[in-house]
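Encoded as structure tokens, the following chain is the form predicted on its own, with no partner shown.
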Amino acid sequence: METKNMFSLEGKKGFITGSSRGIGKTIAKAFIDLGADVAILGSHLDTAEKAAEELSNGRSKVIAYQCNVADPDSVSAMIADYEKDYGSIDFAVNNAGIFTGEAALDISPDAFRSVIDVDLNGVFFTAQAAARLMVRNGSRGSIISTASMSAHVVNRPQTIANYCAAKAGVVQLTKSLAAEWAKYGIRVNCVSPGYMQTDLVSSMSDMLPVWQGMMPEGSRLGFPPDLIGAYVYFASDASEYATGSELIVDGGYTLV
């Protein structure tokens, strides 16, 4: 296979959760640019439909669906609609995530659970739905989850213990699913971004120099396009021999 074809997504199809904005939307655009048919999943249908309209290029199939990843019934309804529209699935990107920010002494049980439900349980529910469809169709596929460098470091000075715990869980979940689903030809990997200057993070302007000061000299904070290569690699045939892997893309933050 020619090298450029190894990284092609032409003819592949799948869904990306949390793709109506931020990192997910950036990854969706990249996949569509490379020839993939992409289902845009968001917690609100109107924003997902708006993103799908913006990303549609007239060649790829781009359809929006509402999906609450923390609700197994919502995930089941989404995958049923996806199957009717797309038929099969080659990749699933489990990217939806939230954080709250309360101190561990003060956080309520509901606030703690809300992050675990979306950032860990939601990853499992959507990965499971994708894997079931792959097995049902007898197709090999790639499942990619968004973890975080927070699986390896304690973010500071902000207080996000529930987020760090959830993301650490995503890394171990990735390894466990990779081992269990290898017999079906399903690869399971994850990407762990560092600080990415999405609209949300960029709004925390007072924190940007603090985080910058914790990085190796000469490095910088990231932007969503810095992650494209990692997700394309795991979705493409170039990563055919990679499963259970975590790719940390953090500008060297976790090195120091």
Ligand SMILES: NC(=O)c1ccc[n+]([C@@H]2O[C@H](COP(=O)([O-])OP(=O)(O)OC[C@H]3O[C@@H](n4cnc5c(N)ncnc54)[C@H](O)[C@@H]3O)[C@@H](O)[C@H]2O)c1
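What we label the rigid core is the largest C-alpha set whose atoms superpose within 1.5 Å from one form to the other. What you see is a predicted model; the values in this text were computed from it and never measured. Numbers for residues come from their place in the sequence shown, where the first is 1.
Although not depicted, the form predicted together with the named molecule is the subject of the following passage.
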Heavy atom to heavy atom, is residue 54 within 4.5 Å of the named molecule in the predicted bound form? no
Decide whether residue 200 counts as a contact residue for the named molecule in the predicted bound form under a heavy atom distance cut-off of 4.5 Å. yes
Do residue 14 and the named molecule share at least one heavy atom pair within 4.5 Å in the predicted bound form? no
Would residue 107 sit within 4.5 Å of the named molecule in the predicted bound form, counting heavy atoms only? no
Heavy atom within 4.5 Å of the named molecule in the predicted bound form: which of 125, 82, 181, 163 fits that? Just give me the one. 163
Thinking of the named molecule in the predicted bound form, which stretch from 54-62, 27-35, 212-220, 191-199 has heavy atoms inside 4.5 Å of it? 191-199
At 4.5 Å by heavy atoms, is each residue in 142, 172 and 243 next to the named molecule in the predicted bound form? no
Contacts with the named molecule in the predicted bound form, stretch 135-152 (heavy atom within 4.5 Å): 146, 147, 148
For residue 57, is the C-alpha shift between this form and the one not shown 2 Å or more after core superposition? no
Rigid core fitted, then: does residue 210 show a CA shift of 2 angstroms or greater between this form and the one not shown? no
